[in-house]
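Before any questions on how it binds or moves, here is one chain, the form predicted alone, in structure tokens.
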């Protein structure tokens, strides 16, 4: 049985144990890893994420009342939240992500009935793999199943992003929620964050795998650093007299270097070069230039570490170890930064030796045994049939 089937079966069984009946609705939404294009979505640029084979699964059933009775398998925590357009977040609570999607949907006119729901996940938390977006998108997908409606995919992603802004306090861009909604199996998503248009870029090569390595260092994007970087990007755009760094060339930036604060200049330098790297990376993937794609990933990490200063010594160490390991084509930090994960492009035939080498070197230097897993591009949010579950 696959990890996903195990997760689904465990969620169904947890619902039966808690509520005494089988669930009626069953949905899943994936986490994501961004291959390249970091801290670019809120700068109107291009990003290139893919869904990973780690999911939030929600099993649901009807409840005769104006509430959603929630239970988290992972946290072993139960909570009842109101089905109310005027519902507001509670201080730092996991149900805020669910509460936000329900409240905004109700405010938009969706007639949300009471429900019982069990939430289960194997998306690592605090690792930059968008566990919160997966929960938001899974909730929106559950509401589709419960109400018998189908949301426009882009609107569904934007609703989930709004929930993150208003109920979790994180001013995230559109990438995480768009990835969880729109990604397709065996494809990466080249997303234009300005126009909100996208292209599905095939990633079908059994010889190449994506390796995700969790540094074991936890971080929170709500701690102010994310918002600070966003403000610094706005300052860079203002110094260049433009509304968005998407509209500025590297030559424009260099021409104004002496007139800009040095820190703001470096923030702008990362954004402008990262947008160009992402476009180049998509072309490299389309043409099968995997070595070129890997080199762009290394360049991305260097920029994130030096210009944008969102890496940390543990992430830098993981990338340095990857560079020294045979069979690794490229590696970089992924996610908001200050801990979390690296993403590496590796040769599938050497996957086991690569994982051993990186884990051994990292553990020797830090005392931390990193969690690692390989993944292929996976399917975005979808409803599941109860008939297909394992009892």
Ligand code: GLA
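Residue numbers count along the first chain shown, from 1. All values reported here derive from a predicted model rather than from experimental measurement.
The discussion below concerns the form predicted in complex with the ligand, not included here.
*Asks:* Taking 4.5 Å between heavy atoms as the contact cutoff, choose which of 49, 60, 335, 330 touches the ligand in the predicted complex.
*Replies:* Spelling it out, the residue with a heavy atom inside the cut-off is 335.
*Asks:* Pick from 124, 294, 173, 216: which has a non-hydrogen atom within 4.5 Å of the ligand in the predicted complex?
*Replies:* Among 124, 294, 173, 216, a heavy atom within 4.5 Å of the ligand in the predicted complex occurs only for 173.
*Asks:* Is the gap between residue 298 and the ligand in the predicted complex 4.5 Å or less for some heavy atom pair?
*Replies:* Residue 298: no contact with the ligand in the predicted complex.
*Asks:* Answer yes if any heavy atom of residue 362 is within 4.5 Å of a heavy atom of the ligand in the predicted complex; otherwise answer no.
*Replies:* Contact with the ligand, no.
*Asks:* Taking any heavy atom pair closer than or equal to 4.5 Å as contact, tell me whether residue 226 reaches the ligand in the predicted complex.
*Replies:* So residue 226 counts as contacting the ligand.
*Asks:* Using heavy atoms and a 4.5 Å limit, would one call residue 39 a contact residue for the ligand in the predicted complex?
*Replies:* Output for residue 39 is yes: heavy atoms within 4.5 Å of the ligand.
*Asks:* Among 136-144, 237-245, 283-291, 173-181, which stretch has residues whose heavy atoms lie within 4.5 Å of the ligand in the predicted complex?
*Replies:* Careful reading of the contacts points to 173-181.
*Asks:* Taking heavy atoms and a 4.5 Å limit, what residues of 5-34 are near the ligand in the predicted complex?
*Replies:* Contacting residue: only 32.
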